[in-house]
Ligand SMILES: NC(=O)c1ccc[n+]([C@@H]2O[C@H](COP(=O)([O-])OP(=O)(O)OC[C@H]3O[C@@H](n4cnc5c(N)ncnc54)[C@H](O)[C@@H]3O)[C@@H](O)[C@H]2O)c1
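First, one chain by itself: the form predicted on its own, in structure tokens.
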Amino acid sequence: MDSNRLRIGVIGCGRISVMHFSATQSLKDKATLICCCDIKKDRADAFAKKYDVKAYYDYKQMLDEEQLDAVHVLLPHYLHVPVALYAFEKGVAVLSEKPMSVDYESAKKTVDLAKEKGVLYGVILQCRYNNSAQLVKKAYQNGKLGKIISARSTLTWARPDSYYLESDWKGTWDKEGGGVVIDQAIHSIDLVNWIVDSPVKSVSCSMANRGHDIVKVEDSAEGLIVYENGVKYGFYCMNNYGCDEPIEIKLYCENAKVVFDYDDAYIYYNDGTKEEAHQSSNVETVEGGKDYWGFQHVRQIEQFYNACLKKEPLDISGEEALKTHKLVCDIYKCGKPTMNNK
């Protein structure tokens, strides 16, 4: 590995890949994009031509033939683990899109192998880098909020049947791992879990498919998570709404009330003072990007590259991401038996 620049490959050229390809171009001082891979030849070829890199159609061949330092794994959820494991055996670091896996056991296996091989394993949870989330996290860490007493998150988005018809794996238990919880609400659940930063004591929830004819996974879920430090966190999520409304997270704290979403945060202190944070006005949009993906992929990818270059510790490691992944899996363990199809 060049001590100043990484050799990078991208595995998976689907929708989310535009965020990663764009980041590789913004971070050329830290990394060089060498190749890309997708089983759909036309997709791999299109990105290879656009970025003047080599196209592969088999990730194992790519990892066998190229001397890569790290790969971005941007595949259907059920493929995250096998591809990461193969990369680790080659000594290649992995930055995987969320979720880590469709179950807890294989995700834990991936974390363990990365540690055994001494390679970095990062997981994309880009919303932690939002200015709004950063303000709230720091206010809690420095004691300004006092104790968090309770939290709630609400997500009401739109994922009609046509959304699932565009994919051969979305909306399946075996390939996606679930529906609205693991694919849409995972980010708001992660933000609360990250800020509260305490082991989970109990999970109680229910799930249903209320509005979709072509999938069996949940499109609605609600529940209560209780943490060892006493925080009670209630969540509600569904993807039967007419549009993607901004998510809303509220914290009721000893010294303040907090309201935030992906773009804005407001902290109302009991003494009458207020703090707020907003999305930067100079963020660069990515062609083909979706608003609900946010604008922070590049910040997390840069941090991962810096960690690979040994300039700083890795922020969101597999071990760190496993905390939220276990919570998501526990939500399904509790809620899936309650499933009610419409």
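Since we're looking at a predicted model, the values are computed, not measured. Position 1 is the first residue in the sequence shown; the rest follow in order.
Not pictured, yet referred to below: the form predicted together with the ligand.
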*What is the one choice in Ile331, Ile11, Ala321, Ala23 with a heavy atom within 4.5 Å of the ligand in the predicted complex?*
Ile11
*Which pick from Leu74, Val181, Ala84, Val136 sits with a heavy atom within 4.5 Å of the ligand in the predicted complex?*
Leu74
*Report yes if any heavy atom of Arg43 sits within 4.5 Å of a heavy atom of the ligand in the predicted complex; otherwise report no.*
yes
_Can you tell me if Ala185 lies within 4.5 angstroms of the ligand in the predicted complex, counting non-hydrogen atoms only?_
no
*Report yes if any heavy atom of Ile16 sits within 4.5 Å of a heavy atom of the ligand in the predicted complex; otherwise report no.*
yes
*asked:* in the predicted complex, is there a heavy atom of the ligand that lies within 4.5 Å of any heavy atom of Asp69, even though the partner is absent here?
replied: no
*Counting only non-hydrogen atoms, which stretch in 228 to 236, 162 to 170, 252 to 260, 197 to 205 is within 4.5 Å of the ligand in the predicted complex?*
162 to 170
*Quick one: name the residues from 32 to 71 with any non-hydrogen atom within 4.5 angstroms of the ligand in the predicted complex.*
Cys37, Asp38, Ile39, Lys40, Arg43, Tyr59
